[in-house]
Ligand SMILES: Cc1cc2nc3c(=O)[nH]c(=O)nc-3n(C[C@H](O)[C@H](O)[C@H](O)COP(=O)(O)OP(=O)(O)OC[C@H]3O[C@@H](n4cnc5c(N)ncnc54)[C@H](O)[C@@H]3O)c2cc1C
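Only one chain is given next, in structure tokens, and it is the form predicted on its own.
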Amino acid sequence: MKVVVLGCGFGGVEVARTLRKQAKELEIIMIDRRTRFGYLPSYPELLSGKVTPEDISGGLNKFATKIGAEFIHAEVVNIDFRNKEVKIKDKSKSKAEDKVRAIPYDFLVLSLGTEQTFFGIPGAEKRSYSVNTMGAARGTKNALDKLDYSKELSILVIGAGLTGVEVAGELVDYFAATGAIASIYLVEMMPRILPAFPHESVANYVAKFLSARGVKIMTETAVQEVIAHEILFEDGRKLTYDIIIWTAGVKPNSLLEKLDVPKLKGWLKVDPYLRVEGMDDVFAVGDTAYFERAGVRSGQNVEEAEKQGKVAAANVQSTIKGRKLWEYKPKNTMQNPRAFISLGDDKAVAYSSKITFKVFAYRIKKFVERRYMKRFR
């Protein structure tokens, strides 16, 4: 039996890892357009230099070899569900050999992740930096390093969700270390920062902490257009900027647009067993999947991606063996999220079910990061 895993983020890695633990005889193929796994929650810390790309990444080929799988560095261009084939272009080969080839599968797991979205705002994509990928975060760090520190700088972070808040905190640390004078703005179109967190207590605490560190928080402020060195807001206000870092949302992987399968808001719709709806041999996990149970939607976060990866792997095995499948039960949900939130200055809060823990939260977060990355060493 051949299981093909598309996308080697947290969900895809966990599928491959769990499958190999459960079944030594399976042929497992991992496919990704990157050669290295990146520990996404720590990307903001690349800006302040607290971590290096080497600290928070690991070779996918090395990981695959370690668990007895095959890794293919390739771009997935389409999927033929009728003939059970994945169409890829190998990225490791020369352009002369850049031909589409087919990888057959018995079972397929989609873990393709997300892409940055700019909501069609004029100039936003062209003139913004981001931390949505390792390459993007490194590019943002390089842009910061090239700024003219002899003048007062203006740095805008657009989007005050979890990533935006963490980026703002790391920017304070970055400029404190360089000695440069910079105004850091955290811009959010909703009435408060961290709008996805249902309880205001954590948002209020984070806003107070960042404000005390000099971050200027602008809520109920929607971007209308980005032009050279100036950003225009829908209420008529304007701000000049040296760098814009965009953290205002994600969209489904563009490959999903090509796939004629059940979707909801662009995400793959899955059944209670994490199978793409109506398909017995195709599973979806992580940010790719839209999973809802009794009105509760699974969150787009690392905890859910890993948990879904384990259950999807178990259900592949159960299907092969003819056993009863496991129903997935989300824990870290859209309605009741939990997370570690880094704030810069080696501080963090851990939020879960209305409870906010501050003591040792940053140390715990870093411990989790280091422990996870050991699987790639």
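Remember, predicted model here, so these are calculated numbers, not experimental data. Numbers for residues come from their place in the sequence shown, where the first is 1.
One more form of this protein, predicted in complex with this ligand, exists but is not displayed; see below.
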Stretch in contact, per heavy atom within 4.5 angstroms of this ligand in the predicted bound form, of 271-279, 232-240, 179-187, 110-118: 110-118
If you check in the predicted bound form, is K365 within 4.5 Å of this ligand, heavy atoms only? yes
Is P41 a contact residue for this ligand in the predicted bound form, using a 4.5 Å heavy atom cut-off? yes
G169, heavy atom within 4.5 angstroms of this ligand in the predicted bound form: no
Can you work out whether V3 and this ligand are in contact in the predicted bound form, taking contact to mean some heavy atom pair no more than 4.5 Å apart? no
Just one of K66, R34, K50, K347 has a heavy atom within 4.5 Å of this ligand in the predicted bound form. Which one? R34
Answer option from A160, V206, I245, A305, heavy atom within 4.5 Å of this ligand in the predicted bound form: A305
For 220-249: residues with a non-hydrogen atom within 4.5 angstroms of this ligand in the predicted bound form? none
